[in-house]
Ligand SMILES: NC(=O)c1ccc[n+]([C@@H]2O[C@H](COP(=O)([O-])OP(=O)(O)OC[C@H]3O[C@@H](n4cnc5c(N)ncnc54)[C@H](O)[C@@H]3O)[C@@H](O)[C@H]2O)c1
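Take a look at this single chain, the form predicted alone, given in structure tokens.
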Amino acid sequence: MKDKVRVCLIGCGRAGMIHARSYMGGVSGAVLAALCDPSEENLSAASVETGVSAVFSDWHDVMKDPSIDAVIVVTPTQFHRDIVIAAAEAGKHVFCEKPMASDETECDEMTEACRNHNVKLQLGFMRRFDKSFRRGKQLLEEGTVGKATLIKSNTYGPSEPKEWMYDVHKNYGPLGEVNSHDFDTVRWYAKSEVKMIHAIGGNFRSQEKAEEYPDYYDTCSVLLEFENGILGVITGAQYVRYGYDSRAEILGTTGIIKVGSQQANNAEAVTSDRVIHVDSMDSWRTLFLDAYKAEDQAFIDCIRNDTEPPVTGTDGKMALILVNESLRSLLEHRPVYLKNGLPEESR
């Protein structure tokens, strides 16, 4: 094993640069050795910030460089499958951001390629590495609140949707944009696969887009039933304006576990008008900064120690299935039933 795992970041946009900053001295046993992005502007800015001079505009060229040991894939989802398979064939370990792929068949192809070429594949569900979410998992498994009966997870994002986000047939809407982490969280906590899923939603904040995009929804609620009997509830929303809000709740037979807070800190001011003032969380980039560093470290550790990645291709596939089947349920106005976590046509 080399002293340092040499990593190339493929995708130097907003999310990609979170990983770049983690590797700038924050991940032991690794070095950010190269950058790749088709945007000259993104690539130049990333090179200046990181001090990395080895740059590629075409990801195909990354695969030809024998000095690169691993890649971090933070590109648009439609490119994930080809990049991951090419990396596996080139003998490079892979960290792939969510969503894993465009459909479950691509997920299977990616997992198989990495397995066949004996490289690691880890998916980017950073909430599994967040201290609060991990503590919730620990408390649950220690039986602190008895047996889990109902698991809730919510994500509400403050930003106004980009134009491309209104076509839910191409990007899933909030179920994919903000709730994919929630699906992974409840499945992780429940330690079971989903057998029934029923989603509803509505457009409350972007009515001016209703005629052009009649299926668009900015708010949704999803009811889940797991094979082990645990119930799940996921809620999501875009353009809430008040800040970034991500929390979870585990109701047990003898108590409840509450995970996360919408507050940016523990300070509050109470004024003479008897109003309590607190700061709200501004962004997922702030809330999960340490979790991103922890998941990047876990990826390098599994390479160096030859251990199973903590978040696998199967985890990525199952989360994608839940997003897809939730959207189907919402658009068809009916519950959808699964077996072993898979839709009927996949079995």
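Start at 1 and count along the sequence shown; that's the residue number. Note that the structure is predicted; figures quoted are calculated from it, not measured.
Absent from the display: the form predicted in complex with the ligand. The rest refers to it.
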Candidate spot Asn154, Lys195 and Gly232, all three touching the ligand in the predicted bound form (heavy atom, 4.5 Å): no
Stretch in contact, per heavy atom within 4.5 angstroms of the ligand in the predicted bound form, of 213-221, 123-131, 182-190, 261-269: 123-131
Proximity of Ser39 to the ligand in the predicted bound form, heavy atoms at 4.5 Å: yes
is_contact(Gly201, the ligand) in the predicted bound form, heavy atom dist at most 4.5 Å: no
Any non-hydrogen atom of Ile10 within 4.5 angstroms of the ligand in the predicted bound form: yes
Contact label in the predicted bound form: Arg14 to the ligand, heavy atom within 4.5 Å: yes
Residue among Cys114, Ala248, Val74, Ala237 with a heavy atom within 4.5 Å of the ligand in the predicted bound form: Val74
Heavy atom contacts to the ligand in the predicted bound form at 4.5 Å, residues of 284-312 in sequence order: Trp284, Tyr292
